[in-house]
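One chain comes next, on its own, written out as structure tokens in the form predicted on its own.
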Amino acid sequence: MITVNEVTKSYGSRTLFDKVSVKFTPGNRYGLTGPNGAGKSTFMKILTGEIEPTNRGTVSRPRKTGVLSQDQFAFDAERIIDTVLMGNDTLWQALKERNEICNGTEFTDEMMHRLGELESTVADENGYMAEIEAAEILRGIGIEDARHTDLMASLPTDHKFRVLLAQAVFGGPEALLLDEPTNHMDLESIHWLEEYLISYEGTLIVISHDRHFLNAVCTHIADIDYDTIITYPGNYDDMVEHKMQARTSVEAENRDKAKKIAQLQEFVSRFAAGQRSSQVQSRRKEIERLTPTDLKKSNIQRPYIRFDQERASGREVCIVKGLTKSFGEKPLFENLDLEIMRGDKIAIIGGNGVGKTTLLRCLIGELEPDAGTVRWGTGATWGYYSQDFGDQIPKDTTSVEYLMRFEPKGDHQVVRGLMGRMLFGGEDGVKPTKALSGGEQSRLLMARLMLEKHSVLIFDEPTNHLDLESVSALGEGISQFAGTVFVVTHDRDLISLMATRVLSFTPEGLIDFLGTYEDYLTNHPLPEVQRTQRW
């Protein structure tokens, strides 16, 4: 069990949460939710002990608590199996010190005594079976035995995160704390992770911007809002429904109270100076009793994303003939033929490193293909949202000044109105671009695309920095766009919301499927998750 008692965290004058007391019990899987900036990662770091609360609040957690490392490069110089063993720090430190002593050439009585202590620690931590257990876990996540002694640097990004998750679960932790575990994972890897976490019997607390993932995994939601953390039973969609019902109920109750107070106030005004003083006093007391329930402002905000076209493209948007591209000796796609039609909403899916981004860059001319041609149709202009967008926004300006560059009529009111819809209200509009968070940068680039009004929109991993409400708003904006859209993403909710066509990179080649993502899965189901008995 993880217990939080009277914890407050503030930064300057801003309070993220105030005197929070909450218990996370074994056997339950909690999704920690809230919009960008609500304090999810901060609260998780308080739970792990990485940072301290502002006040004297306390956190108690099991001695064996697994934490997912956020730095996939931190262990590049370590062997894969050693990286897993590091998940039990007590055992790992004892093994390291024991090996250092044993590798020496001389042994003192003090050293021998220390060896005895270390052997006791290793035994207590089941260290004699540690490598066998770690190897079993690695096989369960799809890393064959021959790779276990390779360096972490030799693994692709998604497999590094699998190993870091294996590190977190190694040694049978009683609690798991996972901050954005699906980042950098492809759809098959996310499917694998869901299956594992559903079978986990300890206390799980997870942060994710993937709505589908939270709905599949969570038994409870711990939502940061109203300066506190409220726990709801059920998954993310259940929480949203409960939250809306509770607020709607209070609002309706307040409206009824306001009507009653108005009636009572009218009586008091009419007869305050008359002969009905006892009745007036009675109604005054009733007015005090009917004070409306104070409704704090929720921190949940949803941008309004709508894309328009300056003018529509022709019926044929993009014709691809014989497109071929390799990375070194590795072919990414060969002799690819595509006919992209006006109105197509194309989700491009597949594992990491298979060529999804490369395909987009070939389409827009950023990369030269090895062979083949790309021809854009009449009236087709495109806007590109890059996965690595850090350099797209200059650091020497403000948000409003940046967007004014893309407003064709120079209308300041148009830009300000758009910024308000994209959650840049008040002083946020003049915030220096160098101070923007990842989510704010993402929304600023969406606003730019809304101003540019292209007939084709191309997105590469647009959900990486967006919260759940923004992802939902983006999906609706794309689905209602009259033009053509390409989206590379691992977010299944976004794919389900917008896709009318799926381009899937598979080991058997590229599949061009005309239909929704659900129809695609019916015809091409994901492979069964590989498991071991322990996993």
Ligand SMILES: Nc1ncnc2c1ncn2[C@@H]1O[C@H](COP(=O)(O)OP(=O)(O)OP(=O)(O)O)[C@@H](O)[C@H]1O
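We number the residues from 1 along the sequence you see. Values in this document were obtained by computation on a predicted structure and should not be read as measured data.
Keep in mind that the form predicted together with this ligand is missing from the display, and what follows is about it.
- Of the stretches 316-324, 137-145, 429-437, 196-204, only 429-437 has residues with a heavy atom within 4.5 Å of this ligand in the predicted complex.
- In the predicted complex, this ligand lies within 4.5 Å of some heavy atom of residue 209.
- This ligand in the predicted complex is not approached by residue 82, whose heavy atoms all lie more than 4.5 angstroms from it.
- Residue 26 falls outside the set of residues with a heavy atom inside 4.5 Å of this ligand in the predicted complex.
- By the criterion of a heavy atom within 4.5 Å, residue 38 is counted among the residues contacting this ligand in the predicted complex.
- The partner is absent here; in the predicted complex, the one residue of 504, 472, 69, 42 having a heavy atom within 4.5 Å of this ligand is 42.
- This chain appears without its partner; in the predicted complex, the one residue of 180, 460, 344, 158 with a heavy atom within 4.5 Å of this ligand is 180.
- Interface residues of 5-36, taken as those with a heavy atom within 4.5 Å of this ligand in the predicted complex (partner not displayed): 11, 14, 16, 35, 36, in sequence order.
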